[in-house]
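Listed next as structure tokens is one chain, alone, in the form predicted alone.
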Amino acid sequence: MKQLALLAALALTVSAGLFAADHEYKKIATVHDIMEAIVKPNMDLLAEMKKSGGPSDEKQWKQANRAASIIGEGAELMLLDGRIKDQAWEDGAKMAIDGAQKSMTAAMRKDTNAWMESLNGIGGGCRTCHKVHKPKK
């Protein structure tokens, strides 16, 4: 009897968790905040690693994977809740996400060549949007 009550309590807890997981996203951070706090520091880290020839040990491969995942997540945030301004914005975010996913795969495999190539995808996504919304003077 005690086991049945415990099983019922567990089932209620799990089902309550499933309903609680249905959370509506609400935009909080500005695009500038996301770029400055999330994307830029991680892009800088990846650029520094690329400049030195790529990640060289287990710790750097983990850092590379983490930085790419955070960049991808930042780009995902750009696509949410009305932040998109135009097609360049959407295309750039999607390219950055694709490049980030490729970078993560390469980092998990410790494949320096694929990792270096993946950074072109991330950077290309950034340039697609920056060309329109943040042109160099």
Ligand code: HEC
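Sequential numbering from 1, following the sequence displayed. Computed from a predicted model, the values in this text were never measured in an experiment.
Another form, the form predicted in complex with heme C (HEC), is not on view; read the next lines as being about it.
Student: Report yes if any heavy atom of A47 sits within 4.5 Å of a heavy atom of heme C (HEC) in the model of the complex; otherwise report no.
Tutor: Judged by the heavy-atom cut-off of 4.5 Å, A47 is well away from heme C (HEC) in the model of the complex.
Student: Counting only non-hydrogen atoms and a 4.5 angstroms cut-off, does K40 reach heme C (HEC) in the model of the complex?
Tutor: Heavy-atom contact with heme C (HEC) at 4.5 Å: present for K40.
Student: Consider I71 of the chain shown here, and say whether it contacts heme C (HEC) in the model of the complex, taking contact as heavy atoms within 4.5 Å.
Tutor: Result yes; I71 sits at the interface with heme C (HEC) in the model of the complex.
Student: Applying a 4.5 Å heavy atom distance criterion, does A29 contact heme C (HEC) in the model of the complex?
Tutor: It does not: once heme C (HEC) is placed as it appears in the model of the complex, A29 has no heavy atom within 4.5 Å of it.
Student: Judged by heavy atom distances of 4.5 Å or less, which residues of 111-137 approach heme C (HEC) in the model of the complex?
Tutor: Heavy-atom contacts within 4.5 Å come from I122, G125, C126, C129, H130, H133, K134, P135.
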